[in-house]
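Single chain ahead, written as structure tokens, the form predicted on its own.
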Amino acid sequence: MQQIGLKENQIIALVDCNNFYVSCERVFNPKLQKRPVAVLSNNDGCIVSRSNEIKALKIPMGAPGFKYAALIKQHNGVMLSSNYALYGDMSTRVMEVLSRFTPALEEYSIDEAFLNLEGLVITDYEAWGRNLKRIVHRWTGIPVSVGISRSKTLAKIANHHAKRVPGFKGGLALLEEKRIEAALSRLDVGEVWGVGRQYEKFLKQNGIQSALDLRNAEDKFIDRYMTVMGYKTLLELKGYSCIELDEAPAAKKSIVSSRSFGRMVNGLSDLLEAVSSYATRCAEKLREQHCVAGNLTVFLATNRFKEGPQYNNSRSISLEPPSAYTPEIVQKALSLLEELYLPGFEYKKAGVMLSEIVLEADVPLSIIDTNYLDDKRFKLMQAMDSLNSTYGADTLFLASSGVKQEWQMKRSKLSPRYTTNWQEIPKVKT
């Protein structure tokens, strides 16, 4: 196997927030501690986050909430709607804390981050990881687990064991060969980062049951059956770091904002409000990554799981010159929706997508059209984004997005937006 040029001395930590959505809820509502808590997906559908008490009740991830509502209530538990504003803000706080303890950080997901520890003077990595765990919990209230090793994949495995084995106290370093082999032998091959269900089935049919079996597989088997990503996974299991830390993720090639409605919608006025709101979200995300878009798509769909007439369609339009100006994007999105709309149908979902995205610095010059980046529209959007960032989302919004928004997705069990809305900040009783 080709190993020339790969790093063997890099030290990487993976910090993973435990039961993140549930943990965020518990920070501001201590009454939820030690009780079964489940967080539901959009429209209060499926369970997407489980406390350890919910897991002890054998309730699976992704299960329909209504199916287990009685069981959870029987054990003095609660089900909550997803509070994305709270979770996003708490994630930012955790990442900010972690960034103080590493020269390079990759935000892998809303509740996970890789930290490059290369160059830091650390004599006991396990003690360092457990201390980091204590600091994150003290400063944010969020419990985390820390796994440390020489590659991302091994750090993931270290974190897996740190989270599940109480004796590791939430922190595990896999740096010595003997400990690495022991950890790999105790991990099912299907739990290895990058091994999907079909790949797991194939590997087990060929006698590869554990992560250690995969690492020790014969070169002939690897050369014949492994994909490029599978080959990298194998090298990572051997301690070679070949999946680089991504400190600056590339700008997204497309941005989509879409939600299923909380009820069936048949009136055009509700659809116009929804599409205006979705277009506004897309434009905000576009400006966050300092980009503009050259194409706008609006789509509309009925409920394909419900009997009756069905209608699914979309329309697109070019944005010339490319733009991230909310009023322009909303106006064009509403025009596309009016072309799409057919009366007589009950609609379940609508959405907006921006594509052909380019960085602001790479927008081609035009002698005919004035780009929004070069006039007062750009300053207006800067002011609007600044106010919404300071005082909470939708402090300023377009009237076309509506006020009541009765079409919004169902969230009957929603907790307050403790950290992002002045009217919902926690109140201390004396």
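Note that the coordinates shown come from a computational prediction; the quantities given were computed from them, not determined experimentally. Think of the rigid core as the biggest set of C-alphas that the two forms share within 1.5 Å after superposition. Residue numbers here begin at 1 and follow the sequence given.
From this point on, the text means the form predicted together with the DNA, which you will not see here.
Of the residues 259, 332, 179, 133, just one reaches the DNA in the predicted complex with a heavy atom at 4.5 Å or closer; this is 259.
With the partner omitted here, the residue from 398, 48, 32, 393 that has a non-hydrogen atom within 4.5 angstroms of the DNA in the predicted complex is 48.
Only one listed stretch (372-380, 385-393, 62-70, 23-31) carries heavy atoms within 4.5 Å of the DNA in the predicted complex, and that stretch is 62-70.
Residue contact check for residue 205: none of its heavy atoms lie within 4.5 Å of the DNA in the predicted complex. Using a 4.5 Å cutoff between non-hydrogen atoms, residue 194 counts as a contact of the DNA in the predicted complex. Not displayed here, the DNA is approached by residue 111 to within 4.5 Å at the level of heavy atoms in the predicted complex.
Using a 4.5 Å cutoff between non-hydrogen atoms, residue 359 does not count as a contact of the DNA in the predicted complex. Contacts to the DNA in the predicted complex (heavy atom within 4.5 Å) from stretch 315-343: none. Remark: with the core as the superposition reference, the CA shift of residue 110 between the shown form and the other one stays below 2 Å. Core-superposed comparison between the shown form and the other one: the CA of residue 226 exceeds or equals a 2 Å shift. Residue displacement note: residue 146 has its CA displaced by under 2 Å between the shown form and the other one (rigid core superposed).
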